[in-house]
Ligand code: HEC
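Taking the form predicted on its own, here's one chain by itself in structure tokens.
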């Protein structure tokens, strides 16, 4: 197991395949092996955040890792507030992933915030976009939902909250570009089913409940096909007043 982990950090032609092997192994094996990782790969002896987050990168990679069983999203460059919210949500049971819960269950708020800030300041290239949807009706519907929404059904445009460039909005809203359509669709489905939650009021659950299955497919395919702009940083604030209130985990000390 440790040799596989070490190979994943060493780069080379088989890097993504090896990362897939890591993330599809038993969660117990992964957690134990990652605890031993610094010594196994000759990590620097300094007690730095860069060293501490190596277990995160083992599964998340820099650009995200596409698995046979799903997708592990990138962490680099996302707003610190969003990353912190997700870490706390895993710890407090609003999100469910057994390995993630084990990893963060005993970590304090201040430490989770340090981790979030570390990844928020990292900028790495995005993967190329997917091909545009072959179905013209789906492509049109996806574009409309992302850029205009559906006022008749009280569905706001994705751009309203995630930014005009869909690269996120500070402090808590993530970018949507660079993600595969099956991951986007899976998250919208989880919001709709209530298997992914956020601090109340859970606005994404309310929005996802108003989407049909075709809506989810359409907007996921359209977003996944959008080119990533030169400036991938989240914008400082929304261009207009958000259409609804969204809950957020209080920052440490608040």
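The shown structure was predicted, so the numbers you read here are calculated from the model rather than taken from an experiment. Positions refer to the first chain, counted from 1. Take the two forms, superpose them, and find the largest set of C-alpha atoms that agree within 1.5 Å; that set is the rigid core.
From this point on, the text means the form predicted in complex with the ligand, which you will not see here.
*Asks:* Taking the ligand as it sits in the predicted complex, is residue 207 near enough to touch it, meaning that at least one heavy atom pair lies within 4.5 angstroms?
*Replies:* Yes, residue 207 is a contact residue.
*Asks:* With the cut-off set at 4.5 Å between non-hydrogen atoms, does residue 141 touch the ligand in the predicted complex?
*Replies:* No, residue 141 sits far enough from the ligand in the predicted complex that none of its heavy atoms falls within 4.5 Å.
*Asks:* Indicate whether the ligand has at least one heavy atom within 4.5 Å of a heavy atom of residue 217 in the predicted complex.
*Replies:* No, residue 217 is distant from the partner.
*Asks:* Closest heavy atom of residue 188 to the ligand in the predicted complex, within 4.5 Å or not?
*Replies:* Residue 188: yes, in contact with the ligand in the predicted complex.
*Asks:* Within 4.5 Å of the ligand in the predicted complex: all of 51, 59 and 87, by heavy atom?
*Replies:* Each of the three qualifies.
*Asks:* Can you name the residues of 167 to 189 that have a non-hydrogen atom within 4.5 angstroms of the ligand in the predicted complex?
*Replies:* 172, 173, 174, 176, 179, 183, 184, 187, 188, in sequence order.
*Asks:* So, does residue 236 move by 2 Å or more at the CA between the shown form and the other one, with the core held fixed?
*Replies:* No, its C-alpha moves less than 2 Å.
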